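The chain below stands alone, shown as structure tokens; this is the form predicted on its own.
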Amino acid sequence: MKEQIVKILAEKVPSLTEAEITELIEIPPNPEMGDYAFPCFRLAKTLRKAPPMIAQEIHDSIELPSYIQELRVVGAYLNFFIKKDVFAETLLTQVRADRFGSSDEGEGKTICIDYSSPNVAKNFHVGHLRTTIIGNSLYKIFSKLGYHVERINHLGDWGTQFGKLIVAYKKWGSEDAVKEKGIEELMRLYVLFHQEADKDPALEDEARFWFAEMERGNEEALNIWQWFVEISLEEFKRTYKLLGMEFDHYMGESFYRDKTDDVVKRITDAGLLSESEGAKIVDLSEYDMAPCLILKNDGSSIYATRDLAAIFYRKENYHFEKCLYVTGQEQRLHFQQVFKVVELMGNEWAKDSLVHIPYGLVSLGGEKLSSRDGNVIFAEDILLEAISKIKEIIEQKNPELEDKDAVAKHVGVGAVIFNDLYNQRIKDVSFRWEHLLNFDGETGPYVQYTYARCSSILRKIDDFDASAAVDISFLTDEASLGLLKELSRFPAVVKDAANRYEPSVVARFAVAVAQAFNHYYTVNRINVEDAAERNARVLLVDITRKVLRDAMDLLGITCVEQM
């Protein structure tokens, strides 16, 4: 319908392209104002007339096609009223289409997504959830559009912090304590190092020495380091399993340590490397940026060097269309520097292919988290707490529910994920139990409950035939049309989320569909006696259920059949 309206307007408004008209067309907030509206403000300057006058002139020049019930001027807007039966049938056909919401636009193209990437020997705390949840959702969104996606976990498993840990372990740790307590003991040692280093700065020199030994291949240093990596991965994978997430590659910074010499050579050959106080840098002052440090004054690499090596490795091995980096906004400058160095080395593809996707801070009750100070909330504990609280609600409201543990897991974990993704990623997120576990608000449990309600209705209808012809007259009421309109947005929502790297678009769509469905369910009886009406009503329930499931899947959330 929108495409047809665009073609009509393009004939009457030659100063605008069809693409520009498409961007301008709006859906009125109130159905009584029409199904589509075309604002005429933009035409006022070129036509030198008042927008309402322009709207009236366009109105008078249009001969109504058969599918338009009415064309009305409302101020500066030209409002189109589509015949309800035509509109309902058009929307229903769209929503029932095979692979609804999917696309082939990414066919033959690869996208690399670098996300999660926790630091080895540090807790996977609640702050790591943001990159993990956002990255996983983007993987699903781009896959929905036909892209091949490489999910890369670029573990923070190399750097001076391991020199610190080796010093702390040798001075205050023991093999038995690490074996018994695992990453908890490693964190204790890490925090203790910083406390002692504040009193004895010489410890920092010892840490730098041990990291330099790691880079030189010292067997003792590397054995301790490898042990710490294995302990950490065991915990990380337990959390990923709880989240229902996987990765194609666990390729941390250490994977690229034998590739940094080549990077340094390529930068040198490009005439970009210079010396500053004994360190090797790329001067970026021409681009209003601080220099990009490539080698420290002791000759050891830094994370920028390893990020550069990773970019070239991924380009040469995966031939990516885009490489996305989902990290906190505090790393914005770092990626600007790294991407600029890649570009200055003569790689024009860097301008469009390398994308940093920043996000805001995360807190528990408004308190910022810091691993150095030991103020840490484990991500696993947050997820298990959410599951436990949902289990309590189930015991109170539906104690006879089958598979209570599985339901509690999917709803509890889903609530945490949805709470993160509902707001724009650049905004800060606070975990507040009273909000994220609410079954009545704009939350994961609310959407989950709506999906379960759809499933419950379908279980009670024995003779529903999804392939049967539909009597559209039963789907032309305001509530049915409102729900169909929301559902029909799904393909555009998926594309918009991908274009903006913004999963919140999908989360808000899921809430809008749930709200529209619950209104539809309130004002319409579903299981009526008339077979034709019943089948039409149930069909709308069925396709709502499918779209809600697909939308929640794009967020990384598994829907439950009963609650």
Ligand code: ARG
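Everything quoted here is computed from the prediction, not taken from an experiment. From 1 onward, residues are counted along the sequence shown.
Note that the form predicted in complex with this ligand isn't included here; everything after this is about it.
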property: 4.5 angstroms heavy atom contact with this ligand in the model of the complex for R257; result: no
property: Contact of S117 with this ligand in the model of the complex (heavy atom, 4.5 Å); result: yes
property: Q331 within 4.5 Å of this ligand in the model of the complex, heavy atoms; result: yes
property: Non-hydrogen atom contact Q337 with this ligand in the model of the complex at 4.5 angstroms; result: no
property: E150, D307, E185, E206 - the one with a heavy atom within 4.5 Å of this ligand in the model of the complex; result: D307
property: The unique member of F100, W349, Y303, Y313 whose heavy atoms fall within 4.5 Å of this ligand in the model of the complex; result: Y303
property: Three-residue site G482, H519 and T544 fully in contact with this ligand in the model of the complex at 4.5 Å by heavy atom; result: no
property: Which of 177-185, 454-462, 319-327, 406-414 lines the interface with this ligand in the model of the complex (heavy atom within 4.5 Å); result: 319-327
property: Partner contacts for 138-167, taking this ligand in the model of the complex and a 4.5 Å heavy atom cut-off; result: H154, G156
